[in-house]
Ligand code: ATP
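Listed next as structure tokens is one chain, alone, in the form predicted on its own.
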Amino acid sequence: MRSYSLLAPAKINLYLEIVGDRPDGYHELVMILQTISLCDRINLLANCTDAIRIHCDHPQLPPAQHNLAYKAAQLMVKQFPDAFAQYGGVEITIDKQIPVAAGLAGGSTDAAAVLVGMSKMWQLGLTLPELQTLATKLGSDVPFCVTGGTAIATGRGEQLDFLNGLDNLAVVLAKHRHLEISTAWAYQTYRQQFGSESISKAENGQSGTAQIHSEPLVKAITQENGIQIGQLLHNDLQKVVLPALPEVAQLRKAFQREGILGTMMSGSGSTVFALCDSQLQAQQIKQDVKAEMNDPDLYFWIAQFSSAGIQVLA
């Protein structure tokens, strides 16, 4: 039986601006996405049957029919019926290290790993562009997760322009275990409260205006200027999440009191990250904020910026 193990890294948003509504119901976005070293491990095993099975002992993982990794395998079956007939189904085991519903693309990166792994398992030889095209059928973050690194994402997040990768910065991530924020809720609430701003942006310059707004951060990334990167972090969704969830706002303020490069909520939350110039500083910030908050429900992780996407281990 054929088997593969893959690392599926998380991502953070360094920039997220909502610039309008799209005809398909999504928002028009400009984002800067960054892979970090915090990873899930995905193990794929051919089972010589016609079944797709998901195995994971994480209590917060959604059931199979709602799990993006399962949907990725279903997509491969649909797209490549001859390979499915030849090789059969797959057992997918997820060693979950990325927190769930946290704004870190944990489900998306697992799905990306399944696409990459099943291409290997079924000897399809799919190229990165071909994998990214498949990934767009699963979700906005999945194409980026296939490749990883540092990228400007536009459209609904699936149109990618890659930048030179960053690997010289560290992050402390923190999340309250009980807090799970629905991405759909965050964007719907933003539309309800700030929809007129998005319409105005779209009418007065479309997404090009937002790309101009993001240019200073792109320049800072190109120059690997950690101080400026930290100062230019931006996330429109903080406008709705922080007032609704004071725990997230308090966590961000706790990070702000430390001598860090910058801090922000990632994606739709509820993870908040602090940007640091070294692993040593990240360790100290983690200790200080953990002691200050003194909350057993608050979990911390330390990671490094990374230029790697899905990695095949075996």
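Note that residue numbering follows the sequence shown and begins at 1. Being a predicted model, the structure only gives us computed values, none of them experimental.
Below, we refer to the form predicted in complex with adenosine-5'-triphosphate, which is not included among the displayed structures.
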Q: With adenosine-5'-triphosphate left out of view, choose which of 101, 138, 240, 153 has a non-hydrogen atom within 4.5 angstroms of it in the model of the complex.
A: 101
Q: Heavy atom within 4.5 Å of adenosine-5'-triphosphate in the model of the complex: which of 117, 148, 157, 106 fits that? Just give me the one.
A: 106
Q | is_contact(residue 232, adenosine-5'-triphosphate) in the model of the complex, heavy atom dist at most 4.5 Å | A | no
Q | Heavy atom of residue 279 within 4.5 Å of adenosine-5'-triphosphate in the model of the complex | A | no
Q. In the model of the complex, does residue 121 have a heavy atom within 4.5 Å of adenosine-5'-triphosphate?
A. no
Q. Taking heavy atoms only, is residue 189 within 4.5 angstroms of adenosine-5'-triphosphate in the model of the complex?
A. no
Q: Would you confirm whether the three residues 11, 67 and 94 all fall within 4.5 Å of adenosine-5'-triphosphate in the model of the complex, going by non-hydrogen atoms?
A: yes
Q. So which stretch, 67 to 75, 215 to 223, 240 to 248, 127 to 135, is the one near adenosine-5'-triphosphate in the model of the complex (non-hydrogen atoms, 4.5 Å)?
A. 67 to 75
(Q) Do any residues of 44 to 64 have a non-hydrogen atom within 4.5 angstroms of adenosine-5'-triphosphate in the model of the complex? If so, which ones, in sequence order? (A) 60, 61, 62
